[in-house]
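Take a look at this single chain, the form predicted on its own, given in structure tokens.
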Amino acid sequence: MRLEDRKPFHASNVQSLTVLVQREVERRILTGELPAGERLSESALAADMGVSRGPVREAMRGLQQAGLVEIVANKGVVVRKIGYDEAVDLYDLRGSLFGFMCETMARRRTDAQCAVLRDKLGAMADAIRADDKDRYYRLNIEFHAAIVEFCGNSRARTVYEGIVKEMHLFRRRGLSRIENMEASMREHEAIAEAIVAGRAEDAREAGITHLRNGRDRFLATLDPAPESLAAAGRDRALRRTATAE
């Protein structure tokens, strides 16, 4: 199917084909259709989307700047793999920023905004009862997105959303088990409770704690194979111990 024939896209509008191609490739990466390490062929993508290679080439540059693809010698453009150190750093950075956003929303909240958070929590609880991991994952994203929007800081939002896009390359595994969804749900409830009550400091701490625990849930899912992130994590811990001694 040609790119301009796909429902999510309208080539007749003012946006360039480069933007449309970039959005489609980004969608495929973030949904896992193009997994980490996958080589991206410009010619194959161009043929699949019904465009020339020019817009695809430009789109690859934009995706590289966004941190979703990288240029690898003798392979070309590939979907990025996130290493252990970088994954931990992204979680920590996101946690600090999200805590700030929770605190800011608690200070500026409106009744309508609080109602949105309550609605999201109700839908998330329904997803857990149905053991619908995909729906919970989507609602989890929407809950966070609501806080990011309602905090009202556009610069923080831009930085945060860039971090989140990179984290989509690995973080879906952290919600792969029902007990993890339930733990995540309790943390969302604590965040919403603090925000609705206007307890700004508590909201900040709840936001940071949620991301810290999310990081730990992700690390607990790692494959113990020697080539995995877990092995890299053990090496990192050994380096720290050696340095401390």
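C-alpha atoms forming the largest set that superposes within 1.5 Å between two forms make up the rigid core. This is a predicted model, so every value here is computed, not measured. Numbering starts at 1 and follows the sequence shown.
Another form, the form predicted together with the DNA, is not on view; read the next lines as being about it.
**Student:** Work out which of the listed stretches, 180-188, 198-206, 211-219, 53-61, brings a heavy atom within 4.5 angstroms of the DNA in the model of the complex.
**Tutor:** Flagged stretch: 53-61.
**Student:** Which of these residues, Glu42, Glu38, Glu26, Glu193, gets a heavy atom within 4.5 Å of the DNA in the model of the complex?
**Tutor:** For this set of options, the contacting one is Glu42.
**Student:** Does any part of Val159 reach within 4.5 Å of the DNA in the model of the complex? Heavy atoms only, please.
**Tutor:** Close contact is absent here: in the model of the complex, Val159 is far from the DNA, nothing within 4.5 Å, heavy atoms only.
**Student:** With a cut-off of 4.5 Å between heavy atoms, is Ile141 one of the residues that contacts the DNA in the model of the complex?
**Tutor:** Ile141: no, not in contact with the DNA in the model of the complex.
**Student:** At the 4.5 Å heavy atom threshold, is Ala112 in contact with the DNA in the model of the complex?
**Tutor:** Looking in the model of the complex, residue contacts with the DNA do not include Ala112, since no heavy atom lies within 4.5 Å.
**Student:** Is Gly122 close enough to touch the DNA in the model of the complex, meaning at least one heavy atom pair within 4.5 Å?
**Tutor:** It does not: once the DNA is placed as it appears in the model of the complex, Gly122 has no heavy atom within 4.5 Å of it.
**Student:** Listed by sequence position, which residues of 64-83 have a non-hydrogen atom within 4.5 angstroms of the DNA in the model of the complex?
**Tutor:** Those in contact are Val72, Ala73, Asn74, Lys75, Gly76.
**Student:** With a threshold of 2 Å on the C-alpha, tell me if Ala203 counts as moved between the shown form and the other one once the core is superposed.
**Tutor:** Comparing forms between the shown form and the other one, the Ala203 CA shifts below 2 Å.
**Student:** Does Arg212 move appreciably between the shown form and the other one, meaning a CA displacement of 2 Å or more on the superposed rigid core?
**Tutor:** The answer is no; the displacement is under 2 Å.
**Student:** Return yes or no for Ile191: a CA shift of at least 2 Å between the shown form and the other one, with the rigid core superposed?
**Tutor:** No, shifts by less than 2 Å.
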